[in-house]
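To begin, one chain is listed below as C-alpha cells, in the form predicted alone.
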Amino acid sequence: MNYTEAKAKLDARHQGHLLQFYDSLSDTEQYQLLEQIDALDFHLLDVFSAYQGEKEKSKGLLAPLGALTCQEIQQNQQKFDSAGLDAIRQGKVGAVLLAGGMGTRLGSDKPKGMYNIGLTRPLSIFECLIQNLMQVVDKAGSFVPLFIMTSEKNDEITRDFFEENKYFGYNAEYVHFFVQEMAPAVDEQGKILLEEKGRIATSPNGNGGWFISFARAGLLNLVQREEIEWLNVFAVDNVLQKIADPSFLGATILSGCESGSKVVRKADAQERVGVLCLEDGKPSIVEYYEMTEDMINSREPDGTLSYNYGVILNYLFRTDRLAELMQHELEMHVVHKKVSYIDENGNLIQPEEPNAYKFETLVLDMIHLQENCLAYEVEREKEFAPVKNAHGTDSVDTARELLQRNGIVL
C-alpha cells in the first residue's frame, strides 16, 4: 500500500490523523506505518459504534450445570488415566499455552511467563509450566506437542528465553510458537490512537483470538496432518495447573463431550469468578457481575450452591469442532482501558484513568459454541495458583505459598 492508497482508506473512515506525522518519519517507519494501515480492520469501528448505541448483550436463559466432582474422579481415576494416556501415546493430544501478556502488573517489563517466582533459585513461570507438562510426558513416555501463543511485543524475547534455557528440558521439536493477532485502540470518539508518530496503538485481540491466530499461522494444517484430535488450552498465569492431564483427557473422551473445562468449587457465594452453566441449553460461562442475587445465593437440596463451579481457563477442545467453528465470528468485547498515545502535537500522553477502548474476543465465548462441555472439578489448593498481581489476592505471594505447600522448592 502506498501513501495515496492509505490516505484514501483512512479518509473514508475519518481516520486521516494517523498520517499527520508521516513526513517526519524515516523510510522504514513510513513503510511500517503503511503496512499497519493496510492491515487495519475497520469492522472494529462498526463494533465500537454499536457498543456506544446499545447496552451489553444480555444472556439467554441460564440454568445450573453440575460437575464431575473430585470424589467421582477419584473413584474412576484408573479408568480416566488409562484413556487419557492412550490418547497421548497415540499422538492425539496437543497443548496450547496462551502467553501473549506482559508482566506489567507484577512490576516487570518482560513477558509474564519470564517472571521469576523463585526465592532461593531462578524459577520462571514458564519453567513451572514446563515442569508440570514434563510430569505427564514422563508418565506417558511420549512428548505432547506444545503450541505457545506470543504477541508482537513479546514474541522475540519469549523465543530467545526458551532457547537460552534449552526449553527447560522439553524436546524443542515439539514446541511451536505463533503470534497473536493485534487490534487497534480507539479514543472516546472512535479515533484510532497512535502510540508513536509512526505506529498505531494496538494490543492483543483477547484470549479468544488464539484459534484464528493459530490457524493463520498454519498450525491448524499441522494439527490435521498429525491427526491431533484434542487441544488443551491454558493460560500462562496459573503456575500449579496440570497440562494435558491424562485424567481430565480421559474423563472428557469417555463422557462423549466435545469440550471440557476444569473448574474449582466456589469458596463462597460471593466469590467473583466466572461460573460454568447452561445458557439456552448449551454450555456457557456467566461472569459474577452478570448474575442476579437469586442466582448467586441459589442452593440445591443438598445445600450446595446451584452455580458452584468457577472456571480457571484450562479447557479441552476437539480440533474437528474448532475447525467447524471458524465459520462463526466470536463476539467482540469492547473494553475501557488506559492506553498511552501521541497527541496532535506529537507528545506522549500516559493517562492515569481509562481513556480508550480495546477490542477483545474471549475464549469463554468459544465454550458457548460447543454442544456440550464436561465440567471437571479440581482441588483449588493443588491446581489453582493464579499470578495476576504483585501482592494481595491471586498474587506472586499467594502463588509462592501454594507452590511450597505442594512441595515445589522455591
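Whichever C-alpha set is largest while still superposing within 1.5 Å between the two forms counts as the rigid core. Keep in mind the model is a prediction, meaning the values are calculated, not measured. Residue numbers here begin at 1 and follow the sequence given.
The same protein also exists as the form predicted together with a small molecule; that form is not shown, yet it is the one meant from here on.
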Exercise. Could you check which residue among 240, 200, 313, 136 gets a heavy atom within 4.5 Å of the small molecule in the predicted bound form?
Key: 313
Practice problem: Heavy atom within 4.5 Å of the small molecule in the predicted bound form: which of 337, 159, 321, 89 fits that? Just give me the one. | Solution: 337
Quiz item: Is residue 274 close enough to touch the small molecule in the predicted bound form, meaning at least one heavy atom pair within 4.5 Å?
Solution: no
Quiz item: Could you tell me if residue 146 has a non-hydrogen atom within 4.5 Å of the small molecule in the predicted bound form?
Solution: no
Exercise. Flag residue 104 as yes or no: does it have a non-hydrogen atom within 4.5 angstroms of any non-hydrogen atom of the small molecule in the predicted bound form?
Key: yes
Self-check item: 4.5 angstroms heavy atom contact with the small molecule in the predicted bound form for residue 262
Solution: no
Quiz prompt | Candidate stretches 68 to 76, 302 to 310, 215 to 223, 229 to 237, one within 4.5 Å of the small molecule in the predicted bound form by heavy atom | solution = 229 to 237
Quiz item: Quick one: once the rigid core is lined up, does residue 337 have its C-alpha move by 2 Å or more between the shown form and the other one?
Solution: yes
Exercise. Note yes or no: does the Cα of residue 64 move by 2 Å or more between the shown form and the other one after the core is superposed?
Key: no
